[in-house]
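The chain below stands alone, shown as structure tokens; this is the form predicted on its own.
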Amino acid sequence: MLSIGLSSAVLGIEAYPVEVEVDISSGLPHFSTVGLPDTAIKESKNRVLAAIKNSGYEFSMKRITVNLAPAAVKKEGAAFDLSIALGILAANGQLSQDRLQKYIVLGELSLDGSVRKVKGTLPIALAAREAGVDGLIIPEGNRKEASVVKGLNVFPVRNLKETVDFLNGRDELSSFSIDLEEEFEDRRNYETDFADVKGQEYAKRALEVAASGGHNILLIGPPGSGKTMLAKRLPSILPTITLDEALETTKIHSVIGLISSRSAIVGTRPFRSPHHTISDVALIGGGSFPRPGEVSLAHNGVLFLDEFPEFHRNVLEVLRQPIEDGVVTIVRVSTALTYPAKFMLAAAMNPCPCGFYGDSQRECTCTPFQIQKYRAKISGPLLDRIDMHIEVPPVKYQELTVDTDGESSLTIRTRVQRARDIQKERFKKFKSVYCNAHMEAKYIRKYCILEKEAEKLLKDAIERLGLSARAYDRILKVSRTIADLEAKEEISSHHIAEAIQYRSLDRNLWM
């Protein structure tokens, strides 16, 4: 007999429907799965057969063929286990085939018949709603994640027997739902706060400017100066994540399997901090079954690269496209996948290999050649995409022992949000530009209007400090953001002066 059920799989971060066809015929006992399955799917026969027997259903081993259609697309993971088991029971007459074809089914089976959590539930739930099916049958551990999608009946199940009883009409399951707005509000609090940071007022001001304009930032300072501590608090001062941004971010995290069973949505801007030994594929995405990398997991948030020069050169170079375009394109022989990667880059590095070049308290042991070699690990084109280079000096004892807290993240974020609102209004006609950091040359000429004194100061800085044309554009962008923080239309000389201070590498302070 033949049975046909519905399931789904993810390609990139989008889901597509999969028909699970099961044919049971006479012949020597054999179980085969076709339709370009990976190893996990091929091994499902052992899990499925054990789960059917241990759930108390009759089973006589015959010739079983499972086809996952469309057969030309590679499929991976154990999410087809439950659908395959239901197809076998339907083919041998123990399950209603009519109801089986009305639901999309997902779930990995344990040997005792219980159903385990799977990856990619959110994009599959979105596809299920578009397909117009009666509902989505999923593991209980995925119920919150799937219920984010409004207009879809979500039926969480704990085991194979419960699923069969529901499809046979012997038992009723209640559709699970949540209050998405309430869930979103509950998860919008950050665990870190700028009030915890002692001293470093200059660096905190620089991070506020960077957050206000969406500027990439490089923190330069000796070990223990607080570079990582500052970077971890950067997401907490970025504009509050919107519901649409949260859903888009959750979708990416769902594909990787990073959504816990206790949460339904990512409520804060992500902060990703990969180790410097990471490969280019892990950072950018890809693999035999392409999946998002760290740059996509940082979408709508912050990608922090600590020990910046220690990353392999080829790993750093692949960052250039996503920083510029906000997307990553992975090309394979049969397909090309695009992942969103709109993030703010924050990087940190020591001024030299030993970390103490320019430190008044400790002596640097590096030779000029070692220092030059260390800094040369970061290429010019990549450095060109970082607007602000910030000095982070060691914190003095008097600052560490101060009892009063600094400004909270909420206070800083309020100012950042006002500046972003000004930019949103300014660039509302342009789809590719939404903050000052993304201005191209034509927008810089149009929106970076300098007062006479500011123009004179910038000209003097270019001539006396030997600043490059690249630095000229960056200074104008950052000064535009500083002016926005003060709600000023024209850029004044003190805006330019502050922006120049945020180009320490161009000013040769570390060379």
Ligand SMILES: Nc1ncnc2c1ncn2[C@@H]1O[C@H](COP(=O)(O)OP(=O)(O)OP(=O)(O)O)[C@@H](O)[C@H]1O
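Note that the coordinates shown come from a computational prediction; the quantities given were computed from them, not determined experimentally. Residue positions are given as counts along the sequence shown, with the first one as 1.
Not pictured, yet referred to below: the form predicted in complex with this ligand.
Checking 156, 239, 222, 309 against this ligand in the model of the complex, a heavy atom within 4.5 Å turns up for just one residue: 222. The contact residue chosen from 300, 114, 350, 423 relative to this ligand in the model of the complex is 350, the criterion being a non-hydrogen atom within 4.5 angstroms. The stretch from 190-198, 322-330, 89-97, 171-179 that comes within 4.5 Å of this ligand in the model of the complex, counting heavy atoms only, is 190-198. Taking non-hydrogen atoms only, residue 226 approaches this ligand to within 4.5 angstroms in the model of the complex.
Taking non-hydrogen atoms only, residue 395 approaches this ligand to within 4.5 angstroms in the model of the complex.
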